[in-house]
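We begin with a single chain expressed as structure tokens, specifically the form predicted alone.
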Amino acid sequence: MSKKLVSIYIEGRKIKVPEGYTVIEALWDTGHDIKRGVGCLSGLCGACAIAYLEKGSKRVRFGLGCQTIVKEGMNITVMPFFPSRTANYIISEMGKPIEKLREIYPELDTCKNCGFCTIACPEWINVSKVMKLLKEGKYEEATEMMLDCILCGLCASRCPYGIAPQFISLFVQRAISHEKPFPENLKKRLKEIEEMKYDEEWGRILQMSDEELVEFCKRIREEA
């Protein structure tokens, strides 16, 4: 039985695609040769940013092509790479990198918290509030809010002051991590991996059938 088709517009051109497809799947299905904008296909890398209008709506929304399901009448465009200023720095050579924030990214203080960045974020992060917290020196609170950032750059594309919030918050995350002691449990686990302690176990897992793997995972969850 053939799938039901829906009509959508890709950059103004009307096409019919199977219902339930993501935008990226719809592009592939209709033979679009995508040079840029396809990465992990899991909503993590942020490479496939799109802008779209839903049928009857006047509000442009933003999302990721690999996660957005096509709907009848949807009007879509794939966002090009947006150039943002990226500062050059080497965290490991900075004594207290967080003290260099305004030297590295002076444009932070030009933020007027207009909120355009928040509207554009496909991860529903209140980017405008993050910028406000950073200006106030509330770094821990700000970085907690940015943990879901996928660096797609849509926030920067909407900023009238040329600020790239994704890169500023990334610097702050790195700076804070640099000043914290390396977690002992992580240090121990990395040493175990380096010594290939679990190679035999991994080899056994890789030989498992799908059914054995399901049972194995179930047992691990019960023991956790």
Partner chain sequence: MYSENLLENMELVEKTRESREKQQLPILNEKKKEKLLSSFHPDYRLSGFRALRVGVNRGDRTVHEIADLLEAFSSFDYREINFEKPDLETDVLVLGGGGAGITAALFAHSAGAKVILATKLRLGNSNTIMALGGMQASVSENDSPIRHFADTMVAGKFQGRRELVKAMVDDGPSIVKWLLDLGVNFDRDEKGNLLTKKAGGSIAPRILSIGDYTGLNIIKILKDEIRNRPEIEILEFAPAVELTTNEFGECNGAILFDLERKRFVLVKAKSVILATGGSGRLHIQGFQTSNNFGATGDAIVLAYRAGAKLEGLDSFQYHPTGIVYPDHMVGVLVTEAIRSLGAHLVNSKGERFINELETRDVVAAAMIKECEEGKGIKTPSGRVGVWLDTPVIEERYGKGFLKKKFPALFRMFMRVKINIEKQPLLVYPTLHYQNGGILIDEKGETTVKNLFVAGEAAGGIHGKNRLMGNSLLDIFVFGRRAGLAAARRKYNEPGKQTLSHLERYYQELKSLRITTVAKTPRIFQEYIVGD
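Positions refer to the first chain, counted from 1. Predicted model only: the values in this text are computed from it and were never measured.
Beyond the structure shown, there is the form predicted in complex with its partner chain, which is absent from this document and is the topic of what follows.
Novice: For the spot marked by Cys66, Asp148 and Phe182, is every residue within 4.5 Å of its partner chain in the model of the complex through some heavy atom?
Specialist: Every residue of the spot touches its partner chain in the model of the complex.
Novice: Find out whether any non-hydrogen atom of Arg174 is located within 4.5 angstroms of its partner chain in the model of the complex, and reply yes or no.
Specialist: Yes, Arg174 lies within 4.5 Å of its partner chain in the model of the complex.
Novice: Check whether Asp33 has any heavy atom within 4.5 Å of a heavy atom of its partner chain in the model of the complex, and answer yes or no.
Specialist: It does: once its partner chain is placed as it appears in the model of the complex, Asp33 has a heavy atom within 4.5 Å of it.
Novice: In the model of the complex, does Thr86 have a heavy atom within 4.5 Å of its partner chain?
Specialist: Judged by the heavy-atom cut-off of 4.5 Å, Thr86 is in contact with its partner chain in the model of the complex.
Novice: Even though its partner chain is not shown here, does Pro80 get within 4.5 Å of it in the model of the complex, heavy atoms only?
Specialist: Pro80: yes, in contact with its partner chain in the model of the complex.
Novice: At a 4.5 angstroms cut-off on non-hydrogen atoms, which residues of 206 to 223 are near its partner chain in the model of the complex? List them in order.
Specialist: The stretch touches the partner through Leu206, Gln207, Met208, Ser209, Asp210, Leu213, Val214, Phe216, Cys217, Ile220, Arg221.
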